[in-house]
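Single chain ahead, by itself, as structure tokens, in the form predicted alone.
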Amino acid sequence: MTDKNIKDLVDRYIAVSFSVHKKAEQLIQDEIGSGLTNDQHYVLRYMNKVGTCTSSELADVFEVKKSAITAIITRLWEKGLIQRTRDVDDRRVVYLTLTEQGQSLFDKTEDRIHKLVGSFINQFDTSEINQFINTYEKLNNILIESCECRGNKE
């Protein structure tokens, strides 16, 4: 492949990646509603998946500083969506779980997001969407490997 071909492909990738990311984030935000940010929804999504976690775990998973997670957690707690529970043996450790209200809100928003994304997926043949997801997962693995080789967090 020539340098020009590679440059053209890189330009196409960057343009489409930016466009898809921005449009998808906006569509998802529209489904979530004004009560939550996308980042808050992603935190609720993770908490729903694991059940109980800590702020440090969230900072690691989302690859952000603990102060960024603390701000998100505080807002979710103020809205009554998460519960904080101190460890009985180590009061410095705080466990985070969804409240009933948080679970209910998550379930409602998740249902709307699944319908939205499903409406896009249904516009592809099964083989097309599987190939796309396989390719996207391969790209993700290459990026993870590249970050590890550079000594960055996963």
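Everything numeric here is computed off the predicted structure, so don't read it as measured data. Start at 1 with the first residue shown and count on from there.
Keep in mind the form predicted in complex with the DNA is missing from the figure; the text below concerns it.
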(Q) Would you classify K49 as touching the DNA in the predicted bound form, given a 4.5 Å non-hydrogen atom cut-off? (A) no
Q) Can S56 be called a contact residue for the DNA in the predicted bound form at 4.5 Å between heavy atoms? A) yes
Q. Heavy atom to heavy atom, is E110 within 4.5 Å of the DNA in the predicted bound form?
A. no
(Q) Given that the DNA is not shown alongside this chain, does V117 nevertheless sit within 4.5 Å of it in the predicted bound form, heavy atom to heavy atom? (A) no
Q. In sequence order, which positions of 81 to 117 have a non-hydrogen atom within 4.5 Å of the DNA in the predicted bound form?
A. R84, D89, D90, R91, R92, V93, V94
